[in-house]
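Below you'll find only one chain, the form predicted alone, shown as structure tokens.
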Amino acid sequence: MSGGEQKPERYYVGVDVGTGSVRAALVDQSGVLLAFADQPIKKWEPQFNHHEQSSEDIWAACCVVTKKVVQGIDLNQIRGLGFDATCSLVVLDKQFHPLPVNHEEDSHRNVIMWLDHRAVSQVNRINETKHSVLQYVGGVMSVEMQAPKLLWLKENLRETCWDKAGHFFDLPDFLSWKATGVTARSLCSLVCKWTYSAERGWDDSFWKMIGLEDFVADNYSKIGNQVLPPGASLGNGLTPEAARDLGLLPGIAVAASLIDAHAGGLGVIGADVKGHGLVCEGQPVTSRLAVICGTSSCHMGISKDPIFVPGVWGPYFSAMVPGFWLNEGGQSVTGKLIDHMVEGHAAFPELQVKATARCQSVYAYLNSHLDLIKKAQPVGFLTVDLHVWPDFHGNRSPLADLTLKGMVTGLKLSQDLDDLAILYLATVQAIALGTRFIIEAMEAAGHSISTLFLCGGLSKNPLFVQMHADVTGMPVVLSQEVESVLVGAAILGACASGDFASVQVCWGESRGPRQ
């Protein structure tokens, strides 16, 4: 900028609701993260495979972290706010009060979490219909999507929940409603988890066929009949009440939201790689696979034309990047599986003591322990006799079989720290092999993938990153800004503010990668 006065810096706030915590960031126009805060959120598991949360608890956590990241900032310089969240189901009555999603009639617990598997019978019946909408979810609907959960509520909680319900929100859309009072839904949520089509809208015949004709009768008012692309500005921006809650000014632009994995995909897949000597420089963005790895993992690949991949969700038009089709592979448990394997081992207490003594996380300690015991061979060969099949919570992609279970083969009688470290390594390798399995299915259907772009909590673990490179044979690129999901959420706010014409323009401004 030459001559005249320097324009004041403009800032954007991204809020990310994950499985166990809410995080917020203050981001500048270059995509640099200036402030970060996180806050845990409550989870309930009243019975096996039932996972619940509270929308009031989640919103309260959003308020805590947002107030923290804007401390000391001139609020007039904050131009936009974007939300992303897990694709959990929020249930409210006609007056927007929480309704119970449980037999205990606890209305505080009004969210069925994304990983909830209570609706097995319902999803099996939906898949038996072979309805044409299923071709856009890899041919088989997942128990983690919203239609089976809605049918479960109708069949199991008719009087306490279903008959009183006025609004069913995907969690990202609940947050944007809470901030603006606008009930419009994001195209991302509805296309990816609710069978909505960007070109054709809702399919009446599907809802009638599965026994949820109620939605057709009221013109889909309970699940969304106003649909906006991610990043579109909602209503008149932040309401005075929400502004008070969040510590921001009323009227700040609020964006139509994204699912958390899609925010991560948005934050990394378009990274500018020029000048870093990476093999993907000069290759099309469609050659990249964004892997968002946390509690679970999602594998995001985009294409100019629709590609149908058996067992992989999509193709979804404009659900993540405007104008591109999205395919979404996934593993239902990754970070959660690693925790499960490590914490359940007999040597875990010893590991905790030794890691604490060294002021390390248990995973940093395990990584260094593996380096100690590998001797002259590459670390990957330590598992030559130990193998894990990682589908402890079913297989999301590409087998799309929720009945699958996990397996460990090659166990010995010893249970010392070495055994724990090798079991941890085998679990990480199994997850990386699952990623390769998904890539192979996508490539067989027509994708051409040459580089992995990783983000999310597990991308901070060097062993996890290295195993993905080794097992897939592909280079792995990590964003210079490690909190890519929050950058994706902030990009939404930047688009809603009007400061950037499109998501792709935001990409051009963001920081580059590291390999």
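All values reported here derive from a predicted model rather than from experimental measurement. For every residue, the number given is its place in the sequence shown, counted from 1.
Below, we refer to the form predicted together with a small molecule, which is not included among the displayed structures.
key: Proximity of Gly406 to the small molecule in the predicted bound form, heavy atoms at 4.5 Å   = Result no; Gly406 lies far from the small molecule in the predicted bound form.
query = Just to confirm, Gly456 within 4.5 Å of the small molecule in the predicted bound form by heavy atoms?
reply = Flag for Gly456 set to yes.
key: Exercise: Asp339 in contact with the small molecule in the predicted bound form, heavy atom 4.5 Å   = Yes.
task = Please check if Gly498 has a heavy atom lying within 4.5 Å of any heavy atom of the small molecule in the predicted bound form.
result = Heavy-atom contact with the small molecule at 4.5 Å: absent for Gly498.
Ser54, Gln39, Asn461, Thr472 - the one with a heavy atom within 4.5 Å of the small molecule in the predicted bound form = Looking at the other structure, the residue within range turns out to be Asn461.
task = Could you spot which one of Ile210, Cys293, Ile431, Ala119 gets a heavy atom to within 4.5 Å of the small molecule in the predicted bound form?
result = That would be Cys293.
request  = Pick the stretch from 277-285, 158-166, 329-337, 103-111 whose residues have a heavy atom within 4.5 Å of the small molecule in the predicted bound form.
outcome  = Result for this chain: 329-337.
inquiry  = Can you confirm whether Tyr136, Lys149 and Pro310, the three residues that make up this candidate site, all sit within 4.5 Å of the small molecule in the predicted bound form, judged by heavy atoms?
reply    = Zero of three within 4.5 Å in the predicted bound form.
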